[in-house]
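Starting off, we have a lone chain in the form predicted on its own, written out as structure tokens.
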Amino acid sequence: MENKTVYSALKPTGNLQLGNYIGALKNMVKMQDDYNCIYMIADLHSLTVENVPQDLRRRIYDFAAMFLALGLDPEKSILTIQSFVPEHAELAWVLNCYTQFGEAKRMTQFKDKSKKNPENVNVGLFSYPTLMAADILLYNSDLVPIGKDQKQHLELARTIAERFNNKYSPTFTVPDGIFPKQGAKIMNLLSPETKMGKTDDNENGVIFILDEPDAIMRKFKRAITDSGNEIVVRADKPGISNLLTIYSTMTNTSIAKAEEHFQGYSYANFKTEVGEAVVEALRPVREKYTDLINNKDYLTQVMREGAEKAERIAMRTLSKVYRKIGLVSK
């Protein structure tokens, strides 16, 4: 039986942090052995916000180096940059014409981001979900690893696929989402009710993958804890729960075993040990990244080779779509 196809992409805004690693990247590495994986740097998606061109270019290289440093393997997976495959933008335009205005208007992320940046409510921000649908449907993806905040976008991709398939004939695979069970949502260390983010306003509560060990330890020692002295995962202990989730994921230990391990620990000693676990887990990643980021020719070559593989699949899908909707082949 042929392996299922998995598609996942990260937008190069901000710097990759622990939440990205635990919620997405760690699972992406694991999936390479069991699925046909297509992993992309979603640079076109990043254009919906203001960018300094040289900063965006630097972040794209950063993400490419980080993909490889974390263990994504171009021999096992297709790794590339979204804009290297023009079929993404071409299919997105077609899918715009099969998406109802009301469906796009209902997207929660569009509403939230419009409120946050009222001076830059651009059309790209509005049609962002149809580009995401094109990304997924272009490769007939069976599975898409997503967080809860992307569930609505995946549902729209499914709706568009079903609409197109019903109108013409089966063309797109209708994708399913994969929701990581543990560590899917890592919270800010200083504000445990807020998700840790790449572009977080309070960086002292964010562990960036490239943070130096001293910085990581300092941030964990300052992490917010809760009243009482129990070290357990519980709704009324968001700070401790977040730290236990981080520890269990970084050490591949169950939450139950982590709770048992930390019985009798003071909060101070607990936070120190969590910090040390993160430092050790990220050490080899930082070392590999440092070697890779100084070899941009190699990074570009890997991404170009990935684009060639991706485009072979993408062109087949797009030519099928064009033929079904009545466009003339050249």
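Keep in mind that this is a model prediction, so the values were computed, not measured. In this text, residue numbers run from 1 along the sequence as written.
The same protein also has a form predicted together with ligand TYM, omitted here; what follows describes it.
Of the candidate stretches 190 to 198, 100 to 108, 249 to 257, 221 to 229, only 190 to 198 contains residues with a heavy atom within 4.5 Å of ligand TYM in the predicted bound form. Contact with ligand TYM in the predicted bound form, defined as a heavy atom within 4.5 Å, is made by all three of 8, 135 and 149. When contacts are judged by a 4.5 Å heavy atom cut-off, residue 234 does not count as touching ligand TYM in the predicted bound form. Interface residue remark: residue 68 is not counted as part of the site for ligand TYM in the predicted bound form, having no heavy atom within 4.5 Å. Among residues of the shown chain, residue 45 is one whose heavy atoms approach ligand TYM to within 4.5 Å in the predicted bound form. Contact annotation for residue 15: none of its heavy atoms lies within 4.5 Å of ligand TYM in the predicted bound form. Distance criterion of 4.5 Å from any heavy atom to ligand TYM in the predicted bound form singles out 144 from the list 210, 125, 217, 144. A heavy atom within 4.5 Å of ligand TYM in the predicted bound form is found for exactly one of 78, 160, 240, 186: 186. Contacts with ligand TYM in the predicted bound form, taken as any heavy atom within 4.5 Å, map within 18 to 56 to 19, 20, 23, 24, 42, 45.
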